[in-house]
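Read the single chain below, which is given as structure tokens and is the form predicted on its own.
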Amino acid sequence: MTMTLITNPDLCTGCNRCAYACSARHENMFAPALARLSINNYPLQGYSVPSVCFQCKRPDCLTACPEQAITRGLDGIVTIDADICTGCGKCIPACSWGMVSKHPTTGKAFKCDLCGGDPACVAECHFNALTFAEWEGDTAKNKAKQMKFRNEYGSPELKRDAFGKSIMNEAGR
């Protein structure tokens, strides 16, 4: 059974501990800007929306990669092989949710790899806004509902913000 990362924005406090944990796991430093997920905070509405990679079944980032550096494993995890990635950046605009970024130091693309099946962000989220569960039943329905808020245009930051606002509007905030 495929496991997936699920968000529940109604439980997110916007504390950003998940982003710190992610960057610590991948970059060996606390640098939320280098995290593989982000939190969209809307303080005036008192609402926060985590943006995470959906590990799409048919990932547009994978299709856009001319070097075949992006692959989808049997476990459903979409990964980027940094040794193959040339940093062309074609995968970045291909993601409709803005979840692929260019690393400021290496110039290569990076995205969530679910920490190989043990997401650090989930372990750090004490409010259960992030969970790692089997992709079935209500989990699949919740994820499909969130995935409908996609954007074809704009930077990754703008896409994540638009996603967050759509989720917030859906929640009636």
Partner chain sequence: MYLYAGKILRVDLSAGTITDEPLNRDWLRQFWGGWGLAAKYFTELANPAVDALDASTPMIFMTGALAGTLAPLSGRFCMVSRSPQTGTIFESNVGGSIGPELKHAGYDGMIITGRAAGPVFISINDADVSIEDAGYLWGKPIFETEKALKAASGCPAAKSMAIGPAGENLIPFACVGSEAYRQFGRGGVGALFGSKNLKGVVIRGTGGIRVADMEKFLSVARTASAENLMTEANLWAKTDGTPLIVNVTNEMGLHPTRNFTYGVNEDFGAIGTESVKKATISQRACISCPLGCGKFTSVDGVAVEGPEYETLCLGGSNCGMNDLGSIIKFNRTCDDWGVDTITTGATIAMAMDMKEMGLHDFGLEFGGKAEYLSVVEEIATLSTDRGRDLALGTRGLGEKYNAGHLAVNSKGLEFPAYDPRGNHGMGLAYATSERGACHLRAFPLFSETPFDHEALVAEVVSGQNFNGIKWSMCICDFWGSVNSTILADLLSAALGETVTSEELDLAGERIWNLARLFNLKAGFTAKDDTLPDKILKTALKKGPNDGSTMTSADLADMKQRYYTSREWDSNGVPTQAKRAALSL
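Since this is a predicted model, take the numbers as computed values, not measurements. Residue numbers count along the first chain shown, from 1.
Although not depicted, the form predicted in complex with the partner chain is the subject of the following passage.
Asker: Among 107-115, 33-41, 132-140, 58-66, mark the stretch whose residues have heavy atoms within 4.5 Å of the partner chain in the predicted complex.
Answerer: Checking each option against the 4.5 Å cut-off leaves 33-41.
Asker: Thinking of G98, F149 and N169 as the candidate spot, does the partner chain come within 4.5 Å of a heavy atom on all of them in the predicted complex?
Answerer: None of them does, since no heavy atom lies within 4.5 Å of the partner.
Asker: Can you work out whether F54 and the partner chain are in contact in the predicted complex, taking contact to mean some heavy atom pair no more than 4.5 Å apart?
Answerer: Looking in the predicted complex, residue contacts with the partner chain do not include F54, since no heavy atom lies within 4.5 Å.
Asker: Contact between K145 and the partner chain in the predicted complex at 4.5 Å, heavy atoms?
Answerer: Looking in the predicted complex, residue contacts with the partner chain do not include K145, since no heavy atom lies within 4.5 Å.
Asker: Could you pull out the residues of 148-169 that have any heavy atom within 4.5 Å of the partner chain in the predicted complex?
Answerer: The stretch 148-169, when checked against the partner chain in the predicted complex, contributes E157, L158, D161 at the 4.5 Å heavy-atom cut-off.
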